[in-house]
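Just one chain follows, in the form predicted alone, and it is written as structure tokens.
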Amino acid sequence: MPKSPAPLYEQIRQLIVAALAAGEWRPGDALPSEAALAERFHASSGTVRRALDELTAEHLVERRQGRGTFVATHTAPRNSYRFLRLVADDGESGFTRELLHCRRARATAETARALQLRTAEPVIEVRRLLLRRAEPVVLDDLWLPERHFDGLNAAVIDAYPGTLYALFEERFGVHMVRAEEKLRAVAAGTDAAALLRVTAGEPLLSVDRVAYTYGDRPVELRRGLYHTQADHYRNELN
């Protein structure tokens, strides 16, 4: 192990994250046993366990009773909408999706700043609706660096049965590990109102999200407009 002022468990956590970023273990893969990791990092099993505890708390890995530790994946049903905190008041779960467009564009100054790109660098712009019981609930606009999602188009999105994050993971090897969001109340503009089937000026919840992959690299900017007449935004605070 290299010398570092960080505690040994934190050094091990960082080395495991680096291995995940390098693709040594893919989403859904089983990690080596604690004993094998302890031997690899020349540390005690207890120190490795502490590192894995930290990674579990960050949702980078998950423990499965009697089976071991696995790399977290958005393809697992329980993780399908992990970053989407909109919940129906009556408990209805899941959405249907309607793709409005997927096209190549140039990063604006705002998009470039959020994604750490050069202004006018190629991005892929996606607009879609999320619907519940055939009623539109979310209008999503996404911007993705083309260099990470080369080949993404409307046909690819329409053909994939799962969520976008699962598609990004399986097809492009981009795993979203965390996100930062900003929420504010806004009035529905004419375009959004027509798509969400609400009256112009009706209050909506605007959610700006930047999603990050390993190494805290931003790989998605998303702006969602949520119609919360029959839904609410739920978060858990510890």
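Everything quoted here is computed from the prediction, not taken from an experiment. One-based numbering along the sequence shown.
The form predicted together with a further copy of the same chain is left out here; the points below concern that form.
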Is a further copy of the same chain in the predicted bound form close enough to Ala107, Ala112 and Tyr214 that every residue in that trio has a heavy atom within 4.5 angstroms of it? no
For the chain shown here without its partner, which stretch in 36-44, 178-186, 22-30, 62-70 has non-hydrogen atoms within 4.5 angstroms of a further copy of the same chain in the predicted bound form? 178-186
Under a 4.5 angstroms heavy atom criterion, identify the one residue in Leu204, Ala192, Leu52, Val174 near a further copy of the same chain in the predicted bound form. Leu204
Give a yes/no on whether Glu92 approaches a further copy of the same chain to within 4.5 Å in the predicted bound form, heavy atoms considered. no
How about Tyr160: is it within 4.5 Å of a further copy of the same chain in the predicted bound form, going by heavy atoms? no
Closest heavy atom of Gln14 to a further copy of the same chain in the predicted bound form, within 4.5 Å or not? no
Given that the partner is absent here, does Arg82 sit within 4.5 Å of a further copy of the same chain in the predicted bound form, heavy atoms only? yes
Contacts with a further copy of the same chain in the predicted bound form - residues in 14-49 whose heavy atoms fall within 4.5 Å: none
